[in-house]
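Before any questions on how it binds or moves, here is one chain, the form predicted alone, in structure tokens.
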């Protein structure tokens, strides 16, 4: 195994956190308020608990097969040819999510800052640092993902500074939404936790596998806590009616906040969010190529990598605009939830088809 791809379980947790927080947080508060009103925070916490249960199941599956990724596990469970077909579908899922995330990021920059800059030029600027860093392996990508803590600190600080203007009455009464609506709203809330599935592709690269469960759960809990805080603050600040009309509530919160000596506080936070969006895209960019490299066994790595980057740019131009990119992103994220279900079924099926199982469940 290449040393440049070996990371610790803690670094994997940061990697997963950076994949989760970024794209999903931007419009989630307004999406949830349309479903269940001010009780959206209940949906987020419920989705956080459900994603944690899924994490436990996924890690239990990986531990049953020792040092193998989902690619090897699928071949054991379903046979060589069906397993390869399933693996190809998983690569397609990663690729589509990566491409849509890339287009969303490009449109986000154009919409909020560089409106007059050609989109193709923006795409080249965005993909250049990601392609450069990903070429050198998972280790530098995971290390760079640590910048997320600096970004989250400033956004939590923004929420703290706006506490005085929050109306608690906007959050009352608790539990006003009916149970059916709350149950349905867990699905859009669960979309924010898409990213934990990257663990099944990168598991062989982890040096201390016994700690994987702990750090991925910590990443999930951090995502859940951050998104819950964002929802409560934006809801308490804007109220239901105004929040429903927000495209990016988090940045509008910065726009309404007035700080001394600063005319446009929102620009600072928008620019601060860019590295986080880049980290989300980078997580899937690296994982998709790494899976393709293992699946197809490229002979000329440099040529394949260049074509992969070029194809990413070309495919990202297919959505017509920001709205279509957002809609496609939600569809692909729903496929991520389907992947969660598939991995859970794989775990159950592994008790009937024990071919390839090398370790008892629950042991590293």
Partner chain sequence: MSTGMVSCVTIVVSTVTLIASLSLPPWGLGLPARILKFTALFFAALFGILGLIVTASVTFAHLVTLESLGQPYFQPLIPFKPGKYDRKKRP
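This is a predicted model, so every value here is computed, not measured. Positions refer to the first chain, counted from 1.
What comes next is about the form predicted together with its partner chain, which is not displayed.
*asked:* Within 4.5 Å of its partner chain in the predicted bound form - does that hold for a heavy atom of every one of 21, 68 and 75?
replied: No, none of the three is in contact.
*its partner chain isn't shown here, but in the predicted bound form which of 140, 239, 204, 79 has a heavy atom within 4.5 Å of it?*
Filtering the options by heavy-atom distance leaves 140.
*Check each of 122, 229, 111, 187 and return the one that places a heavy atom within 4.5 angstroms of its partner chain in the predicted bound form.*
It is 122 that has a heavy atom within 4.5 Å of the partner.
*Contact test in the predicted bound form: residue 129 vs its partner chain, heavy atoms, 4.5 Å*: Contact check for residue 129: yes, within 4.5 Å of its partner chain in the predicted bound form.
*Does its partner chain come within 4.5 Å of any heavy atom of residue 144 in the predicted bound form?*
Residue-level check for residue 144: yes, a contact with its partner chain.
*With a 4.5 Å heavy atom cut-off, would you call residue 133 a contact of its partner chain in the predicted bound form?*
Close contact exists here: in the predicted bound form, residue 133 approaches its partner chain to within 4.5 Å, heavy atoms only.
_Quick check on residue 271: any heavy atom within 4.5 Å of its partner chain in the predicted bound form?_
The answer is yes: residue 271 has a heavy atom within 4.5 Å of its partner chain.
*If we take heavy atoms and a 4.5 Å cut-off, which stretch out of 157-165, 111-119, 250-258, 177-185 is in contact with its partner chain in the predicted bound form?*
The contacting stretch here is 111-119.
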